[in-house]
Ligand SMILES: C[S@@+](CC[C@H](N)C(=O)[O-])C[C@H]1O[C@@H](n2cnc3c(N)ncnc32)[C@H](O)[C@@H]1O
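The chain below stands alone and is given in structure tokens; this is the form predicted alone.
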Amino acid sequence: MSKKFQSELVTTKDGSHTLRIKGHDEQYHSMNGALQESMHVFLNRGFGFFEPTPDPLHILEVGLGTGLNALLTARMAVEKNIKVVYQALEPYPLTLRVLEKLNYPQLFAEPWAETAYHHIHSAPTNTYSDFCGLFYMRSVHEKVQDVVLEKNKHHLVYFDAFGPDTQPEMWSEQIFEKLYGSMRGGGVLVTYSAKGAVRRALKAAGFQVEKLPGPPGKREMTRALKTV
């Protein structure tokens, strides 16, 4: 986020929670299903793009928010036995009071889901903490505009900022150029937005851009590849 928003808890169509932003036509996740949107956009079209290897998969998330994408990634890392190094950017972390109301750990049969969720929201800022020897995470409380990103590091970027109408400054060519520089050749960026202006900004930053079918309730999403 570029500024702090006030939110309220709501239940989406698949039974998973999200947060609605007061005073804006905006939510942290799709009202058609928070869980299925995260799985479709970030896990299936992002994480699932890569074949398992012995080497760690480096992921950058822009907009940790509720931590749903991170929890699903930790779950997938354990299920697939893939080592993941996960850096999340969130300048305005949610309070414990809000996080405790979200039902994400209860959505999964794994007995460690609640422990993993706590791990995600208590991750340190200056080092990576380890969960199950497979999911290593740090949470940086800085804006993407301000943070220093290591060059040529990330295989995968989850771009999960609020939409261009709510946070237009997050969807600029300059932001995407910075993310492009932080990614390895062959890496991908995935986001739920398929707006023409977003695709044009990604292309101007150097990405090869493709439109993919969106999650339920949304016709399209975007995946952008760093080909060199």
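Nothing here was measured: the structure is a model prediction, and the numbers come from that model. Numbering starts at 1 and runs along the sequence shown.
Absent from the display: the form predicted together with the ligand. The rest refers to it.
Of 170, 43, 198, 57, which one comes within 4.5 Å of the ligand in the predicted complex, counting heavy atoms only? Comparing distances to the ligand in the predicted complex, the residue within 4.5 Å is 170.
Can you pick the one in 39, 161, 194, 179 that has a heavy atom within 4.5 Å of the ligand in the predicted complex? When the ligand is considered in the predicted complex, the option within 4.5 Å is 161.
Looking at 45 to 53, 199 to 207, 58 to 66, 180 to 188, which lies within 4.5 angstroms of the ligand in the predicted complex, counting heavy atoms? It is 58 to 66 that comes within 4.5 Å of the partner.
Is residue 143 close enough to the ligand in the predicted complex to count, meaning some heavy atom within 4.5 Å? The answer is yes: residue 143 has a heavy atom within 4.5 Å of the ligand.
Residue contact check: residue 108 to the ligand in the predicted complex, 4.5 Å heavy atom: No, residue 108 stays farther than 4.5 Å from the ligand in the predicted complex.
Is residue 112 one of the residues lying within 4.5 Å of the ligand in the predicted complex, judged by heavy atom distances? Although the ligand is absent here, residue 112 would stay clear of it in the predicted complex, with no heavy atoms inside 4.5 Å.
Would residue 128 show up as a contact with the ligand in the predicted complex if we use heavy atoms at 4.5 Å? No, residue 128 is distant from the partner.
Who in 189 to 211 is close to the ligand in the predicted complex, meaning a heavy atom within 4.5 Å? The stretch does not touch the partner at all.
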